[in-house]
Each structure stands twice: as C-alpha cells, then as structure tokens.
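A lone chain, given as structure tokens: the form predicted alone.
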Amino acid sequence: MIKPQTFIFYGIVGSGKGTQVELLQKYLKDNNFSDDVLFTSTGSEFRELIKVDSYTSSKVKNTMEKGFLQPNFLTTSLFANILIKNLKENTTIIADGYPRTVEQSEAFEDMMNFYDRNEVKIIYIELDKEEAIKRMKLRGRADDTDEGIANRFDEYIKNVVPSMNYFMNKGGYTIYTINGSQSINDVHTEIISKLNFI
C-alpha cells in the first residue's frame, strides 16, 4: 500500500471532471493503491443543501441558479466538515469543486499543512469554451440556462483559474494538464499515464 494520495480536479464546467473522478476512484481501489478514498464534491453538497427548506438553502439555490460561485465561508466550511467527519490517516482525498477561489486555495493549503499532506496532485482537464457549452446543453441540468452558463464561464476565468494558478510552482503541488477534448477513456488513460501509475 502506497502512502495516501491527495488530488484536486480542475476544469471548465462540462469538461467531464465528475466522470474522471469516478474512474480514478475505481482505478485506485481496483489496483490496491488505496482502500479508503474520500471523494469531496462541494457541488453535490450544495445540491443536497438546497433540498432542505431553510433560509440558507434558498440563498444557495438563488446563487446556484444564476451560475455564480457560493461565498467562500460557506464552501470552505462544507469542505472542512467533510474532512473533519471522514478523513483518516491513510485516506486518499479527491477534491472536485474545491478550491475555486484564491482565498479557498489558501484555506486548502492550511488544511493540507494541518493534515501533513505535502504532495498534492492537481489534475487540470483543459477544454475549450465552445465544446464545454455543447456538452452542457446536452446534459440538460436545471441550472444550465444560457444566463447560468455565461455566468459560470465568467466565474471560471475570474476566480477558478487564479485559484489553480495559486499552486503553480509551489512546493508540494504539481499540476498535470490533460486534453479534455478526447474520449472519456482516452482522458482517463492520459491521467493515469501522467500520474505515473502505468
């Protein structure tokens, strides 16, 4: 058993991050790299949150429908809670949807320092805007309106890309750029290949 791994997935909305996270999880378990994989999706947490009837959930729903990022304090607290409840010493972490702003990247770094995680692998699935829009229209999620999609792209350029760039040339963090326009299988193969598993 190798030491627990820590992964962050980055990519424009529609780049297939969720699918690739599932494939990586399966790969790690099937090949005995890790028997305890913690997948953290703040997006899923927010979608669960809006099912509950509360003042917070109504605010979150409104922000989500418009395609804007949720506030830092809320996203960070959700992510931190997932770690507090589920993380064990040998747990492999796969983070999708966090961090998404520079402030969140700083908080993430603090958390990793606290948990002695000094080797973080960032998987950046690169995809152009036109292809991403095409894919989003096909999946037909309720918040994939024209306005929601446009706002998400703006947020991505303004906040998410700088959040990833925060880790560039930082000790203990490596960014692997993956061609997201390939087939699902080819994207997975490239990820595994670049991570030196095969």
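The first residue of the sequence shown is number 1, and the count goes up from there. Just so it is clear, the structure is predicted and the values come from calculations on it, not from any experiment.
Separately, the form predicted together with adenosine monophosphate exists; it is not shown, and the next lines address it.
Stretch 35-43 is the contacting one of 22-30, 165-173, 35-43, 50-58, since its residues have non-hydrogen atoms within 4.5 Å of adenosine monophosphate in the predicted complex. Interface membership of Arg141, defined by any non-hydrogen atom within 4.5 Å of adenosine monophosphate in the predicted complex, is confirmed. Ala132 falls outside the set of residues with a heavy atom inside 4.5 Å of adenosine monophosphate in the predicted complex. In the predicted complex, adenosine monophosphate sits within 4.5 Å of a heavy atom belonging to Phe68. At the 4.5 Å threshold, heavy atoms of Tyr98 reach adenosine monophosphate in the predicted complex.
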